[in-house]
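Shown here is one chain on its own, the form predicted alone, set out as structure tokens.
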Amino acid sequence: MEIEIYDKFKKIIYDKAGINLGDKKQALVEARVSKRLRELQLPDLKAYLQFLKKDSSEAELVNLLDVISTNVTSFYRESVHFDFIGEQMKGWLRKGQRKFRFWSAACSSGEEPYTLAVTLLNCIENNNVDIRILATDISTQILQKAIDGVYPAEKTGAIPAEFIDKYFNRITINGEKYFQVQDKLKKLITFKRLNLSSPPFPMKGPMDCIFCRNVMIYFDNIVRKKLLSEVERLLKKGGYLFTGHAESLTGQLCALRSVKPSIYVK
């Protein structure tokens, strides 16, 4: 990919999604954008850029961001976060709290919010509580997978057997074994498309916990600062932000205090 072409893609992706691709991702971008060229039957990257420019609906922009977005996730990824939130949930319940709001900010194909839902339901027992989880992502394609809630058996190995039996249905598709999320989990979660680089967000809060894991590594400090400002606004006093283990808020101007690696409190 020519540098001039790559720079144009970089600018579009940064301006529209806040994703900072750097200077060495030409091969990655070309490989992923090639999927759109084949789908649209366009001859080359220049033609695709022209197609994007003329698309006033920005429908193709959404498709571009879908193929560029990295969606790596798993059930119980960075499991210490769910252990921590389970303990906090029990403490909040003992103090009489009955309304809870959570946000999975980059939910990808849904494993994170579903793991969170299992964790929360396992804490509440017979308590009459109001729990809602907002799960957002920039990719419409990956959000549809999350909404469907159907996962190959090999992707569910980290889920304890007791929870598989309690919260998933075993199904077979084309002779292969899958697990389908039950409605008792689905009804807790609202999936929405959201661009984390474009605050302010429509939510009012306050949130008890926000999961914003393994996404800020793709942003520069300008975008991170805007995002963290919104996180601070939405979190309740004493609410928690969870980041990826490879991410740190050191040097970021925010009022959140570290309580454990990758866990911050307002």
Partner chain sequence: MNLKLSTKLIGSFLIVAAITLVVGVIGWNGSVKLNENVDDIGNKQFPTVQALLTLQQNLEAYRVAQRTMLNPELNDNDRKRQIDNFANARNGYQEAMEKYEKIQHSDEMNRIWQQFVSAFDDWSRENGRFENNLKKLDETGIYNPDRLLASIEQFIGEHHRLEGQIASLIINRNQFEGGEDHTSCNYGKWLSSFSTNNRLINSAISNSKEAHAQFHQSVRAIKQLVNANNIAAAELELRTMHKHAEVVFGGFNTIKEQAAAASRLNSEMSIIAMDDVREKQDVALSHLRRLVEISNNIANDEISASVASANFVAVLTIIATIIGTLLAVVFGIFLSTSISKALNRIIAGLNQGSEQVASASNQVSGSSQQMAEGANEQASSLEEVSSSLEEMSSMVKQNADNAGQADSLMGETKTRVEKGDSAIAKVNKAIGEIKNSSDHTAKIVKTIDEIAFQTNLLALNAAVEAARAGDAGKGFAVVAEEVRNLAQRSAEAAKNTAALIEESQKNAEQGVEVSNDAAEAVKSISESAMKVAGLISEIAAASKEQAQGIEQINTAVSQMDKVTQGNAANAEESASASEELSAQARELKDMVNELVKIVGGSSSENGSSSGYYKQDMDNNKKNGFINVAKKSFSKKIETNGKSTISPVSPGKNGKNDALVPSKVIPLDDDELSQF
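Positions refer to the first chain, counted from 1. As the structure is a computational prediction, the values presented were derived from the model and not from experiment.
Absent from the display: the form predicted together with the partner chain. The rest refers to it.
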| query | finding |
| --- | --- |
| Sole residue of Asn127, Thr190, Ser79, Gln182 within 4.5 Å of the partner chain in the model of the complex, by heavy atom | Thr190 |
| Contact residue in the model of the complex, chosen from Met89, Ala105, Val118, Ile133 - any heavy atom within 4.5 Å of the partner chain | Ile133 |
| Candidate stretches 80-88, 94-102, 156-164, 118-126, one within 4.5 Å of the partner chain in the model of the complex by heavy atom | 94-102 |
| Contact of Ser248 with the partner chain in the model of the complex (heavy atom, 4.5 Å) | yes |
| Contact flag, Lys204 vs the partner chain in the model of the complex, heavy atom cut 4.5 Å | yes |
| Heavy atom of Lys25 within 4.5 Å of the partner chain in the model of the complex | yes |
| Contact test in the model of the complex: Thr70 vs the partner chain, heavy atoms, 4.5 Å | yes |
| The partner chain in the model of the complex: contacted by all of Glu39, Ala59 and Val62, heavy atom 4.5 Å | yes |
| Members of 161-175 lying within 4.5 angstroms of the partner chain, judged by heavy atom, in the model of the complex | Arg170, Ile171, Thr172, Ile173, Asn174, Gly175 |
